[in-house]
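This document opens with one chain alone, in C-alpha cells, the form predicted alone.
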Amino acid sequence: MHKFIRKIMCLLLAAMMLALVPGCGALEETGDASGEEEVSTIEIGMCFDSFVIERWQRDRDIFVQAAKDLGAEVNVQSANGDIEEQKKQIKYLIQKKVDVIVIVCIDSDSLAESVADAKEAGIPVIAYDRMINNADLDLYISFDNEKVGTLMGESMIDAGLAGGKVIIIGGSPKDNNVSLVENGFTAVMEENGVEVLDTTHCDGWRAELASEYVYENADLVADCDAIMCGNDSLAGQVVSALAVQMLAGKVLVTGQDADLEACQRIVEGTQLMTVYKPVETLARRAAMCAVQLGKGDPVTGDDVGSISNGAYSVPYVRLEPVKVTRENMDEAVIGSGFHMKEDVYINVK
C-alpha cells in the first residue's frame, strides 16, 4: 500500500514539473517583447557647425537631455566649421539609419543635396536655428532673426544714434540668418537717418577678424558712433580693439546670444546690449519635434507656421528673441537662470 502511494506521489510530481515547461516559454516571450521595445528607441542624429560659439554647447546639452527625457537617444557630431566634413557626417548618419537628422548648418546653400539623400532614405530632416536653402526640409526651428536685428537697431536709437554713423561687422556670409539680422537692423537705421559707413563679414564666424577690421580701419572706426556686431564673440573682439584706441564705452556696440562675457561687458558699460535667444526653449521644443518626426508623426502646435527657403515651403517654428540691456539684465538673463548674478557682476561693485 505504501509503495502504491509513493508511486502515485512520483507521478504527480513529474506532472507538475512538465507543467512548468510552458511557463518557461512564456518568460522567454516576455524577454523578446522587451527586446523589441528597446530596438524601437528613437535615434536622433544631430550635426553641429562647431562648438567654438559658446551657445552651441548649451543647445547641445539641453537638446540631448530633453530628448533623453522623451525616451530618445542622440548621436552628436561636430564638423568644426568644415562644410565637407559636415556633409560626410550627414552621410554617416544616413548610413547609420537614424530616425531623424537635426542640422546646425555651416553653409545655408551647400546642404540641399545632403538633405535630399536623407529624404530618399526616409529620414526626416530639421534645420536647427539656421535655414538650409532650397532643401526639402521637414522643419525649420529658429528665432525671429529679422527681429534680432530690429532689437539691435532700436537699442542704438534709444541710446542716441539717430542721425549718426554706424559700421556693421556681421558673421559668416554663408549663414542665412546673417542677412536676415542685417535686414532688420538696416531698416531701423534708414528710418532714423543713420549712415552706414561700411559693412563687412567674418568668414566662418571667426571672431579675430572683427578685431583685425577695427585695427586696419582705425580712422573709419574713429569717425563712427556705433558698431553692430553679428554676435557676442565678434563684439568681444571689437570692444578689446576699441579699448586699445581708448574708445571702449564711447562707441555703441551690440551683439547677440547673451554670452556671459557680453553680459559682463553690458553691466560694465563697454557693450550697449545683446539679444537673448532662450536656447532652453529652442532646444527643448526642437527635441520634442525631432521625436515626433522620428515616430512618423507631424509637428503640430500653435507656434507652427511656414516659411520659404527658396524652393520649398517649410514648416516653421518661430520663437521670440529678448533684448537685454543693463536695465533689464537681472530680469531677462539672471531671472531666467541663464547666468548667475555673481558671474555677471563679477567685475562690478
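From 1 onward, residues are counted along the sequence shown. Because the structure is predicted, anything quoted here is derived from the model rather than measured.
Heads up, the form predicted in complex with a small molecule isn't pictured, but that's what we're talking about next.
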{"property": "Proximity to the small molecule in the model of the complex, single hit among N177, S114, S211, T150 (heavy atom within 4.5 Å)", "result": "N177"}
{"property": "Interface residue in the model of the complex among E182, D99, D129, D138, criterion: non-hydrogen atom within 4.5 angstroms of the small molecule", "result": "D129"}
{"property": "Contact test in the model of the complex: R60 vs the small molecule, heavy atoms, 4.5 Å", "result": "no"}
{"property": "4.5 Å heavy atom contact, R318 and the small molecule in the model of the complex", "result": "no"}
{"property": "In the model of the complex, K277 touching the small molecule (heavy atom, 4.5 Å)", "result": "yes"}
{"property": "4.5 Å heavy atom contact, T254 and the small molecule in the model of the complex", "result": "no"}
{"property": "Among 48-56, 297-305, 319-327, 65-73, the region lying within 4.5 Å of the small molecule in the model of the complex by heavy atom distance", "result": "48-56"}
